[in-house]
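Single chain ahead, by itself, as structure tokens, in the form predicted alone.
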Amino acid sequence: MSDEKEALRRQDSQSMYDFKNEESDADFFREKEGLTKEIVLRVSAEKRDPAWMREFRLKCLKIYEETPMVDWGPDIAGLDMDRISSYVRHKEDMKNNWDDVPEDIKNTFERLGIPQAERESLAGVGAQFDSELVYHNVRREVAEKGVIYTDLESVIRGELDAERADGMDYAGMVKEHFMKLVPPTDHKFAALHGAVWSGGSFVYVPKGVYVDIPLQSYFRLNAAGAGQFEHTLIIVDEGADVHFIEGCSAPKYNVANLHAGCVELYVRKKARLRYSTIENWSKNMYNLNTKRAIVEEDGVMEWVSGSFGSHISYLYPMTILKGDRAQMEFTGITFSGNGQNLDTGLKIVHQGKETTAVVNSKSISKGGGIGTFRSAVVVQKSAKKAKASISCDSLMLDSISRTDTIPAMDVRSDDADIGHEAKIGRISDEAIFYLMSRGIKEDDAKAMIVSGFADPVSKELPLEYAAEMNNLIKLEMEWNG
């Protein structure tokens, strides 16, 4: 391939994610910047919240104002909430027919491949643009099994209960579970989320139902100087099984953007949930997301995570192994490049007897990027015969990057088996020379080695998402800005 064609290929690959739609006042509503009681009440009115949710938002605002800024990770002094708009939406309502979605938004998701993915490999799709879901749909054969996959807000307002005649109180179900796993007192940005959350999905999989193809939500933050605060609530009932995928992307601006979403996952007795995320935020993004799962007796929670983009990330998915023989697995990769400080990891709490956790984490740093992996394992006295194995491998691609592993273990049981292993390495000059001797360019040789390093993660993803992850790795390897 000629150098000119290669440059065009790279430009096309970058533009798949880094493109913008101009948001006109005629088509979009944008809340003014900052965070006040009046703004929270206007967001609540836009959502047509029931009284309990409106009061909950105000309670969260008070907690936010009283809670100090987080101080355990990278410096986020560059994030000024007085310059962040907490709510931006298209003036059209959400659709369940793709043809009815506004053309400008539809073009964005078409370029990202969402409709094609729905047609070929997904059981249901939700698409969020800025602060609102603009499209939601689920296959008929999945809905006929009793699977609920819809926007969270309509459930809270009781619209799903009015639509269905199955006797289930879905509005009550959400009220019972909403921000119980992640309380607003957890940290400042959890409280912020509770005050201005907007969008997100509700998934309920009934007892014994197996969903054999994934559900997906995709979040696109298009607006400059805005925040996205979607809330995902998934309840997998006893003996049920589902795979849920979230994808995220945003164009790059020269002002800060904020992502402070929240994910709450409930895995009931003998149920299984696989939750996969490919995050490709822009490098002006502060990604301060909170994810948490609770697993009951003989349940299985599987995390598959790919973290790319963003200027600064705080991301530590937490799993509470509540029931006896509950299990969790985590497979993840983080790529930190020039100007990025990605502070990621996980937390595991063993409560039930004979609970097990297996963690396989990979991190790559390049161009002065900083990658930090924090793991916290808590074994309570009740967790007899708990087992946890944590493996953290880091690959530094130059001498100016940095990677750290910070493990913490709090073991209160005398028969637990807990292990932590960390390795840091460089790309072998011999391996690069070998590939170059076979006619492969040096940059391509490095990219091949890095893709091989990431292979344990890509193998856990459906084919099309593994291909996307490998493409993101190539883009990061090529990007020098």
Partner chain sequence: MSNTLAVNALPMRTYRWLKMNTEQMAVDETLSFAAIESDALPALPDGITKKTGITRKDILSLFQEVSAGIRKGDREAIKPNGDAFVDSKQAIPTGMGLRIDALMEREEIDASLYTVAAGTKVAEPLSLRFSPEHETAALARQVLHVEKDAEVTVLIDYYTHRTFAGFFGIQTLLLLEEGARVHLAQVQMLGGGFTHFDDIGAVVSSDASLDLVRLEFGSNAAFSGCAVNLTGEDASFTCEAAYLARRKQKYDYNYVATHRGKRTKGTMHFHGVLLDQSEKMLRGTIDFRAGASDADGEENEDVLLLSDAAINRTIPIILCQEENINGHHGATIGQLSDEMLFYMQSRGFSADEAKKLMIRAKIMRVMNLLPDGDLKSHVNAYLCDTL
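All values derive from a computational prediction rather than experimental measurement. Positions refer to the first chain, counted from 1.
Heads up, the form predicted in complex with the partner chain isn't pictured, but that's what we're talking about next.
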Look at the stretches 197-205, 172-180, 400-408, 237-245 and give the one with heavy atoms within 4.5 Å of the partner chain in the model of the complex. 400-408
Name the residue from R48, K37, R426, K62 that puts a heavy atom within 4.5 Å of the partner chain in the model of the complex. R426
Pick from A376, V300, A224, M81: which residue has any heavy atom within 4.5 angstroms of the partner chain in the model of the complex? A376
In the model of the complex, M436 touching the partner chain (heavy atom, 4.5 Å): no
4.5 Å heavy atom contact, E144 to the partner chain in the model of the complex: no
Counting only non-hydrogen atoms and a 4.5 angstroms cut-off, does K32 reach the partner chain in the model of the complex? no
Would L265 sit within 4.5 Å of the partner chain in the model of the complex, counting heavy atoms only? no
Partner contacts in the model of the complex for 435-461 (non-hydrogen atom within 4.5 angstroms of the partner chain): none
